[in-house]
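Only one chain is given next, in structure tokens, and it is the form predicted on its own.
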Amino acid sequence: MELWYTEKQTENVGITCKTEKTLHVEQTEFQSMAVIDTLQFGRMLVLDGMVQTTIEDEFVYHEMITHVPLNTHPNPQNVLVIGGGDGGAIREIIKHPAVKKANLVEIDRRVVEISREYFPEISCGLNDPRVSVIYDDGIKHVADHKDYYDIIIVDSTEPVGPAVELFSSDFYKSIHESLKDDGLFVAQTESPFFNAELISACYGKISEVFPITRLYLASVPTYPSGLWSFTMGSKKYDPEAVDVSAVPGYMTRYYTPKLHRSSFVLPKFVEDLVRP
């Protein structure tokens, strides 16, 4: 008998993976959580029925949500990750020698604990002495830390349930206040194919708060449609103006200095989503 897992990505589209076995299932205080061992993508973390990360393709998302902003800011000493309890963003952040402090604020303690147990390749950076794991509401944490961070990374789940507020104008304004005078932030903003209205709305809200707003793309096979977007809001530094010849290598598998620049070159249908 074959065992398959299907994520219903929209009402009309799903992704199906043949699995070896289910490694863990539980209902946390905040969400349902499962760890599945798949043949194509290895171990897979699923929250509320949605794929969050897999061993085989996690590097794309985690490298692109971190190295693009970290190589845009000239001196990113103090960095915050909201969400991202699997630890992948932290693992990439601490590759940058300028980083002195990296805080991970995750509301669900069990995501971190299960990631440490089943995804050590991803969560390994959580043990770095520069890293603090804080179990709290990311919105509250940002509001309580004014003029504090160089970079904020919003590594959130899809905009459902409590995560809806992480896509709001009020939250983007709060992030602006939490950043230093030359700070910047990046949020994952879903698929241009399946979430066009969300991307347009987020881009509009962010551009009302930040003088520099940019959208960039990456290919993540297990995320809806495989094409994923990130939106950056910056007070001072333009990611498209980065001197890529000065960007060092960070033992990455997807991100490169040349890709940094090219990821901002958008297909016309995506460009149309953010055009005034």
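The first residue of the sequence shown is number 1, and the count goes up from there. All values reported here derive from a predicted model rather than from experimental measurement.
From this point on, the text means the form predicted in complex with a small molecule, which you will not see here.
- By the criterion of a heavy atom within 4.5 Å, S234 is excluded from the residues contacting the small molecule in the model of the complex.
- Within 4.5 Å of any heavy atom of the small molecule in the model of the complex lies no heavy atom of Y216.
- For S207, no non-hydrogen atom is located within 4.5 Å of the small molecule in the model of the complex, even though that partner is not displayed.
- A residue is said to contact a partner when one of its heavy atoms sits within 4.5 Å of a partner heavy atom; V51 meets this definition for the small molecule in the model of the complex.
- Contact annotation: of the candidates D144, D170, D136, D147, the single residue with a non-hydrogen atom within 4.5 angstroms of the small molecule in the model of the complex is D136.
- Proximity to the small molecule in the model of the complex, defined as a heavy atom within 4.5 Å, holds among A102, A187, I107, I151 only for I107.
- Only one segment in the set 172-180, 120-128, 77-85, 195-203 has residues whose heavy atoms sit within 4.5 Å of the small molecule in the model of the complex; it is 77-85.
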